[in-house]
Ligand SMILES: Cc1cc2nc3c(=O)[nH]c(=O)nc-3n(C[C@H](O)[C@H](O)[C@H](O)COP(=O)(O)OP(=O)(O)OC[C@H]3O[C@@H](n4cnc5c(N)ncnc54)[C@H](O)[C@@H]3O)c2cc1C
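One chain comes next, on its own, written out as structure tokens in the form predicted on its own.
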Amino acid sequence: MDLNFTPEEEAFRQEVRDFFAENLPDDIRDAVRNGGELTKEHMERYHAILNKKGWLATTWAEEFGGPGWGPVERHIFDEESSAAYAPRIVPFGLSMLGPVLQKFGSKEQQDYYLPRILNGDDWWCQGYSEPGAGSDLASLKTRAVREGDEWVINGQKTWTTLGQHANMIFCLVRTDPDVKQQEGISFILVDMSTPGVEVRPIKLIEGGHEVNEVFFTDVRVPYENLVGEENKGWTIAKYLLTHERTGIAGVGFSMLELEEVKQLAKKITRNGKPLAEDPLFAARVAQAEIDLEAMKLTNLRMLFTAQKQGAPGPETSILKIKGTVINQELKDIRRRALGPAAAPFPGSFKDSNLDVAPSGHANNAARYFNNRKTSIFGGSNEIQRNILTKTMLGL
């Protein structure tokens, strides 16, 4: 694999850079830069801008409405969108369900749902985790029983990200309780407006409302909302999670975070010297940068492998583990650099020397606390290490 970008790829990078400079709205850029809240309206507007350009579904083939990019173009797009302070694309419909429907869905499901994902008619959320089934997802209890041409669903999902905005949810449900856990699960699409669906908010430690509980009480869903074969949902779930874990790595966002930490350390002083000159602090930043560079190469290598195989493999667990650990480390370095200014109460500490980093230091505590969850969702890092041990080392 040649790690040098070709002139054509560098030209594409400039095209992406120019696109964001000209088309990313200032209010959206400022919200990302300052750690502010991104509303549903923000994200719908941003998605529409990308969709008009044909750059929304970056992993989709051209036949389904994607740009038909290879791994290098996707990597460049991720780097440049992060550098431009563009938001992450909401992944549930675009990066998770879309690839699932393209591989496992019926022609009717593809023709109906994929255009609606692109044009914003549907906002999807994910119904995987349950109160007693998180990392041990195969132990899920939400039950779907077939009655004629319908499924009747009862149960509960939790940690449903942005479920308060969604009109659709894709769910793992148990359709056969009498077989091995992984063999009795199906993948079903549910309209959130169906009678019996209830969404309740979960308030996070930093005060935000990002996740929810979703309850199903005698929810009737058309039989044709089943994706793939009945009782074969575990295969679909694993396929979807490989796409999710690749996105969680967040290489571009960590690159931006690293640069901001470096700039911050040049301005903050300790004992009359810039913090960047403190050997212990500098060593910690250097180690994070080394780890990030190694992960960038690993990410490119895996993208090339995925292009050949048609889907990411179990090695995406490496990206998920390292990506979340590196990003959490960078958030912690920033927190320690800011010191009292990292307090969770805006305005409780002021220092004119700190208003210098590209994103300032607003909402630092909220971002730090919110980011603690990344090593858990998408399958905890402990579970990812088990996956690597079994599938790649054969132990």
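Treat the numbers as computed from the prediction; the structure is a model and nothing was measured. Numbering starts at 1 and follows the sequence shown.
The following text describes the form predicted together with the ligand, which does not appear among the structures shown.
Engineer: With the ligand left out of view, choose which of Ser139, Ser135, Gln287, Thr269 has a non-hydrogen atom within 4.5 angstroms of it in the predicted bound form.
Structural biologist: Here the answer is residue option Ser135.
Engineer: Looking at Gly127, Gly233, Gly323, Gly98 here, can you tell me which has any non-hydrogen atom within 4.5 angstroms of the ligand in the predicted bound form?
Structural biologist: For this set of options, the contacting one is Gly127.
Engineer: Does any heavy atom of Phe92 come within 4.5 Å of a heavy atom of the ligand in the predicted bound form?
Structural biologist: Close contact exists here: in the predicted bound form, Phe92 approaches the ligand to within 4.5 Å, heavy atoms only.
Engineer: Is Asp18 close to the ligand in the predicted bound form, meaning a heavy atom pair under 4.5 Å apart or at it?
Structural biologist: The answer is no: Asp18 has no heavy atom within 4.5 Å of the ligand.
Engineer: My question is simply whether Val211 lines the interface with the ligand in the predicted bound form - judged by any non-hydrogen atom within 4.5 Å.
Structural biologist: Yes.
Engineer: In the predicted bound form, does Leu24 have a heavy atom within 4.5 Å of the ligand?
Structural biologist: The answer is no: Leu24 has no heavy atom within 4.5 Å of the ligand.
Engineer: Choose from 74-82, 158-166, 256-264, 189-197 the stretch whose residues reach within 4.5 Å of the ligand in the predicted bound form, heavy atoms counted.
Structural biologist: Only one stretch qualifies here: 158-166.
Engineer: Quick one: which residues from 44-69 get a non-hydrogen atom within 4.5 Å of the ligand in the predicted bound form?
Structural biologist: Stretch hits: zero.
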